[in-house]
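First, one chain by itself in structure tokens, the form predicted on its own.
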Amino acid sequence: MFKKFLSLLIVLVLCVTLCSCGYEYQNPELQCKYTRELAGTELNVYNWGEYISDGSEGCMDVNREFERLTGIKVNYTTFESNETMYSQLKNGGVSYDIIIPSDYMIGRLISEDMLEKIDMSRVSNYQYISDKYKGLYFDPAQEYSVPYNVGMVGIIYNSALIDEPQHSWGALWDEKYKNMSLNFNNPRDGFMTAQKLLGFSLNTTNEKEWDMACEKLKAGKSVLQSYVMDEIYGKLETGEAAIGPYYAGDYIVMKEVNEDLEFFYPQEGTNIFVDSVCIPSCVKNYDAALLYINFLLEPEIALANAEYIGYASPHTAVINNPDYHEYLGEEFYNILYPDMEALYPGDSALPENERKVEYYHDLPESVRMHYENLWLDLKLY
């Protein structure tokens, strides 16, 4: 009886504490049952910025819903790039139970024994993941990752500040946009803008091609206002900058703030990516991590995340939800779910450098070190 009273008291205190912060639970309808056997434990989640429905502007607070349901405290921190996340894991100073890296980084983490296998028998909601995103090149046996979001990179521009640019990566080098143009502040995406313009594969192992891409970036550096990651939100939304590359899902979020923002996929092609939920080898609460993954795959939770984040979802219950189609509208739905084969030929028979849409692959260490050194040189140039 005392245990029941104590449990009730804890729940009441938690509700009062959270409600005092202004968030009202939305009690989503769930497909699975969740116990409170792990109540009182903690879960350390490491994710991209602006990458989960957080309760702002009336949306669902996914982490708080999970805490209410399970009694597990979520410690949530964010990173700006795969490389930052990797360094944190490699240094071993902090332990995480959940991380959400991109495809090529997952391949690297697997090869370096930095991920735990996910017991899929305990993730029943995995049934909702589209077959299109299962068994991809970086995790062919689908043992280490669960797809979270899908996207492509394009260019966002402010139609009130500049005329419609040529639909090319070359727009980032155009002198007309001097001190108004942005580029990525991470090596894979930054080099991608030059590699596509030069007609190179994003996964080339030819160091001379990386050198040429670096020289191309140096040639355009005088046009740039700055290199950015999440800072692009403030710069484009306020008109501080007028044009820059970013992820299609983020464009949809920015458009809600500034209606003058427009978007296109460059004619030379672009990067496609799949970000997935993984459990790092430094995990301390494996059972809670499995619960969290299954919770993220609940149809209502996945829908809340898809609507908040703005990226394409690999979740069939989201993709097929008519309310989701209506929420996005035809324009945005076509941006997130384009006819890939029609827009960008993806025939595997084509030589790698002729494909227009490419995933990043984890590259040999020598190549990786080469482009990372080039990137440092570029930033100091």
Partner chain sequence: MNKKSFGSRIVAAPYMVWAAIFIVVPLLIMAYFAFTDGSGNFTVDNFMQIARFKKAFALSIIYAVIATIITLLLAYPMAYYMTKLKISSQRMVMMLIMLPMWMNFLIRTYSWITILANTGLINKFLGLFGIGPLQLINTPGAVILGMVYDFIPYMILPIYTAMSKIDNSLLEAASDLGSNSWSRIRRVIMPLSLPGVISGITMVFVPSISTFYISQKLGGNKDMLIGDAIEYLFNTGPQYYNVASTLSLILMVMILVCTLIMNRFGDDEEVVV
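Here, rigid core means the biggest group of C-alpha atoms that superpose within 1.5 Å across both forms. This structure is a prediction, so every number in the text was calculated from the model and none was measured. Numbering follows the first chain given and starts at 1.
Omitted here: the form predicted together with the partner chain. The next part is about that form.
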I have 221, 225 and 372 flagged as a candidate spot, so tell me whether each of them has a non-hydrogen atom within 4.5 Å of the partner chain in the predicted complex.
yes
Decide whether residue 231 counts as a contact residue for the partner chain in the predicted complex under a heavy atom distance cut-off of 4.5 Å.
yes
So, residue 190 and the partner chain: in the predicted complex, are they within 4.5 Å at any heavy atom pair?
no
Test of understanding: in the predicted complex, would residue 240 fall inside 4.5 Å of the partner chain by heavy atoms?
yes
Considering only heavy atoms, tell me if residue 124 and the partner chain come within 4.5 Å of each other in the predicted complex.
no
Can you say which of 299-307, 201-209, 93-101, 181-189 gets within 4.5 Å of the partner chain in the predicted complex, counting heavy atoms only?
181-189
Can you list, in sequence order, the residues from 67-100 that come within 4.5 Å of the partner chain in the predicted complex, counting heavy atoms only?
none
Rigid core fitted, is the C-alpha displacement of residue 151 between the shown form and the other one 2 Å or more?
no
So, superposing on the core, is the move of residue 240 at the CA at least 2 angstroms between the shown form and the other one?
yes
Given a core-based superposition, decide whether the C-alpha of residue 276 shifts by 2 Å or more between the shown form and the other one.
no
